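First, one chain by itself in structure tokens, the form predicted on its own.
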């Protein structure tokens, strides 16, 4: 295993992740630094011991990144594939615009979790803040705790599964029935995220009412 001491900066780690040689990597002393493990392009396995700042794991492709601490804003922004797992809490806009892969937060995620997600799957063991899944287009947001105000505002075709309460739904977001395919999908996501002791039947599904796709004068008050 190769170890990078981030007291020397993050460029050496990130440059290695942009190269063709993959393997197990360890990063120590992150001390809240920004842009740690950004832009990985190979099947690396990266463990980061401590808290990270803005944009950790951004634009990830194929790499498996574990943060043994908390993460600042923009965790796994625009993730394309691979996995980013935070053992603590995540700040604002976790997994924003993500196209693929899996993001797991063992604690809570702040506001706008999964904003404009385009295919990424996000599993949060705790709660998510307001405006989560705003304009979410594709993928799944799984919340094992509660969701804040305006969940799924202006939602497209992403699927939202919430186990706890929802403070309020955003424009065009509605509760939908849990069919067998949804229970299977949710069960598989929980298994992949390593969440045990949780029954998919305890969740409620939310999705788009599809009233905002095209302008309709009868829906003018919703715009």
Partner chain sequence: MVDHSWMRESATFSRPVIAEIERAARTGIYDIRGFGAKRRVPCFDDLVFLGASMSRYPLEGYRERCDTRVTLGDRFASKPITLDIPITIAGMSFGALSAQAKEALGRGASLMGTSTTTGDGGMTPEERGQSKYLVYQYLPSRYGMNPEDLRKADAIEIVVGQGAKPGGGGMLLGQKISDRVAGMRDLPAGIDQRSACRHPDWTGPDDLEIKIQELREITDWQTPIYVKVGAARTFYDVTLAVKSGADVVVVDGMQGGTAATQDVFIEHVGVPTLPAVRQAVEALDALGMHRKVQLIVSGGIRSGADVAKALAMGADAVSIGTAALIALGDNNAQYEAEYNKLGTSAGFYDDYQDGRDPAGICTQDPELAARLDPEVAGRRLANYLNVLNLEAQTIARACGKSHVHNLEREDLAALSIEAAAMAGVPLAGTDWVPGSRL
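Given the structure is predicted, the values throughout are model-derived calculations rather than measurements. Positions refer to the first chain, counted from 1.
The same protein also has a form predicted in complex with its partner chain, omitted here; what follows describes it.
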Within 4.5 angstroms, counting heavy atoms, which one of the listed stretches 121-129, 144-152, 101-109, 78-86 is next to its partner chain in the predicted complex? 78-86
Answer yes if any heavy atom of residue 61 is within 4.5 Å of a heavy atom of its partner chain in the predicted complex; otherwise answer no. yes
Please tell me whether any heavy atom belonging to residue 34 falls inside 4.5 Å of a heavy atom of its partner chain, as the geometry stands in the predicted complex. yes
When the contact criterion is heavy atoms within 4.5 Å, does residue 38 count as touching its partner chain in the predicted complex? yes
Please determine whether residue 91 contacts its partner chain in the predicted complex, using a 4.5 Å cut-off between heavy atoms. no
For 11-32: residues with a non-hydrogen atom within 4.5 angstroms of its partner chain in the predicted complex? 11, 14, 15, 18
